[in-house]
Ligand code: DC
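Only one chain is given next, in structure tokens, and it is the form predicted on its own.
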Amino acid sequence: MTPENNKIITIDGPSGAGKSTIARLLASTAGYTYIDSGAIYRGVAYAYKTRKNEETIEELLRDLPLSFEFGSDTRVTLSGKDISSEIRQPDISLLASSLSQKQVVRDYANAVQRKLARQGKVVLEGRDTGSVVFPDADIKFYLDARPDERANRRYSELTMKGSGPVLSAVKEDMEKRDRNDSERAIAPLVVPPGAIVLDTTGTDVEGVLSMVLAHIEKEDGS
């Protein structure tokens, strides 16, 4: 079953809840475009880190040679260099979470997302896609899971990519990011009004996707 019409579907939640995986699968199943909002913030963070002490974040964003390609894979380039793998490192994740507390960074990321989603038929995931970026989205989801399971998922993901992280460090980084995202003054991580909340603890990818599709079918039929 796929969504009717050209809908905007958002999936929010903390790190490791399964947002990215489900968003990609849902977009593929529905013939929609998957927009990874986190990649936008991570791209900004990577650019800021590599050019730190040279300019302020405000100066950086005025003419930032950052580009995104969203589809079956997320490709991020900076000045023509593919940085898609580099932006997934834990230090970039933490920096992205910190920079996301700045309004100028959120304005940049929101503008990119809204431009890409103008025609609908998109699935977006992040931490404020349903609460701030697209409060009037057609269907909103909020995925969550127990902290230990989220950390283990993130650890497995990084290990498969050859990053060789230490599980305790991954858990610590995730706890810091959870605090940053939930306590920030600007667009904190919350359950968006009207969102369908799904606890993915102990549920495999196929099971979560089935739950999401069932809710979409129910929404389309209501």
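Being a predicted model, the structure only gives us computed values, none of them experimental. The numbering used is simple: start at 1 and walk along the sequence shown.
What comes next is about the form predicted in complex with this ligand, which is not displayed.
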Original post:
Within 4.5 Å of this ligand in the predicted bound form, heavy atoms considered, which of 76, 96, 122, 143?
Top reply: 96
Original post:
Any of the heavy atoms of residue 150 lying within 4.5 Å of this ligand in the predicted bound form?
Top reply: no
**OP:** Although this ligand is absent from this view, report whether residue 38 comes within 4.5 Å of it in the predicted bound form, heavy atoms only.
**Re:** yes
Original post:
Is residue 171 one of the residues lying within 4.5 Å of this ligand in the predicted bound form, judged by heavy atom distances?
Top reply: no
Subject >> All of 42, 126 and 184 within 4.5 Å of this ligand in the predicted bound form, heavy atom check >> reply: yes
**OP:** Name the stretch, out of 25 to 33, 58 to 66, 192 to 200, 175 to 183, where some heavy atom lies within 4.5 Å of this ligand in the predicted bound form.
**Re:** 175 to 183
